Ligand SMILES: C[S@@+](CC[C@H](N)C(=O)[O-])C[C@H]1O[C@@H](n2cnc3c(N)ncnc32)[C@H](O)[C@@H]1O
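Take a look at this single chain in structure tokens; it is the form predicted alone.
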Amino acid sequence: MVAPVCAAVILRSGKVLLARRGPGRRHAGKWEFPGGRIEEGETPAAALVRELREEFGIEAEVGAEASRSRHVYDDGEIELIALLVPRFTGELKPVEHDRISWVEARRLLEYDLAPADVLIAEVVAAHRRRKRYRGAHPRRFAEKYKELGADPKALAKARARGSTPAGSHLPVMLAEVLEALEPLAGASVLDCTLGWGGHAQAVAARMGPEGSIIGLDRDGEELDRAAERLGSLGGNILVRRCDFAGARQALRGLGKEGVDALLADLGVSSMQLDRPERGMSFKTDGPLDMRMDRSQGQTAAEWLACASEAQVADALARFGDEPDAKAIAARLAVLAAAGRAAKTTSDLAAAVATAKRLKPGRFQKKDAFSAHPAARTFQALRMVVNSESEELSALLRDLPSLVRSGGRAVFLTFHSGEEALVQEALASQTVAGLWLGPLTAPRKPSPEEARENPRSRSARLWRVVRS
């Protein structure tokens, strides 16, 4: 027979109450969370209210359950249910204890605890109060603890308002990508831009135990996270840190001449966009970095400091299709000359706003589906800093040698510059007989996906089959 017992985690000013057992009791001299037996017909909360009234003379307000565990003693087994007590009224007057102490949660395990109370102390000590944020809802990336913790309700709410949940990435056109890469059973697949691994995870589920995936990414920080996540799912997945221009060398290093399917998702992952320290987004203030690989190369701030006004204007026009490229470049040059060069994402966004003569209220996105006035500028600088056009050109040049006869190559592009490079390369290679023709128009995301994931709305899917 298991005897139910309740225990109180009584909180006051960030500390927890411990009481020391008096002489003549089992485990005398040891510390415990006060409580007692749950009588037949009592709920744990009602029993705890009664016990605290009898033992300490206080009226307690009982909250959520903190832990539940079982313990075996010589005279039987107990089920110990610990409940939070956020508030109480009255003055503590111990009856069965000879001493009480208010203890910081992190120091609970320093006390000589009764055996059954150790687990409660471990649970409470491990808990950390989340950082508070201003306003009714969290805005900063690190404060979105529910989304970062993969809380289902928080994830659903984020998607319902047209946002990508913090710390995750929704794979773009997933169903269409899987269809374009088929057949996948037993195939070897090269994912040139592994990112969060959303596409790779779905591909691995389709290919079976005989298939294999090689995932490449130049972003070592996100590659480590993806490798850990994908590794926990099982499957034959290898990861290598390199840009997609190094795909040919990566395959040779693995002793492979080619693959059955190749995927290159040219979009920026949500984790990179959402993390303020990466400096890729106007949403939150952060250092103007923008590098995919933060271990090398110039930051966006450093490139702007070295580039001429004409070079900045050319980059914004060429890589961002920015209609106000000259005005923005001129504004950045004025700031640099005055010793106020853009060093943060907020600096850059403010410069764009001034150049476009926009008031603060008009410089905000209306919703997740509208374009931000600074989006083209941020895109262009990111492409320059990471040499994205050069990298893509190199991958397209090597593409026919990476895919076996009958193999499939799939590209996801997100803006006109990428589309032009991919279309031109695939069209010319198709004319040369390297791909089965004719080259078809790219597919677009469904209206449903564009609503659920606004970052997919500019995506275009290109597919070719090796001759």
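The structure presented is a predicted model; accordingly, all values stated were derived computationally and were not measured. Each residue number is its position in the shown sequence, starting from 1.
The form predicted together with the ligand is left out here; the points below concern that form.
Of the stretches 217 to 225, 332 to 340, 82 to 90, 373 to 381, only 217 to 225 has residues with a heavy atom within 4.5 Å of the ligand in the predicted bound form. Between the ligand and the residues Ala261, Met292, Leu288, Leu316, the one pair within 4.5 Å by heavy atoms in the predicted bound form involves Met292. Residue Gln272 is the only one of Thr284, Gln272, Ser212, Thr299 with a heavy atom lying within 4.5 Å of the ligand in the predicted bound form.
Contact annotation for Ala205: none of its heavy atoms lies within 4.5 Å of the ligand in the predicted bound form. When contacts are judged by a 4.5 Å heavy atom cut-off, Cys242 counts as touching the ligand in the predicted bound form. When contacts are judged by a 4.5 Å heavy atom cut-off, Glu391 counts as touching the ligand in the predicted bound form. Although the partner is absent from this view, Thr193 contacts the ligand in the predicted bound form, with a non-hydrogen atom inside 4.5 angstroms. Shown without its partner, the chain has Asp265, Leu266, Gly267 in segment 247 to 267 as residues with a non-hydrogen atom within 4.5 angstroms of the ligand in the predicted bound form.
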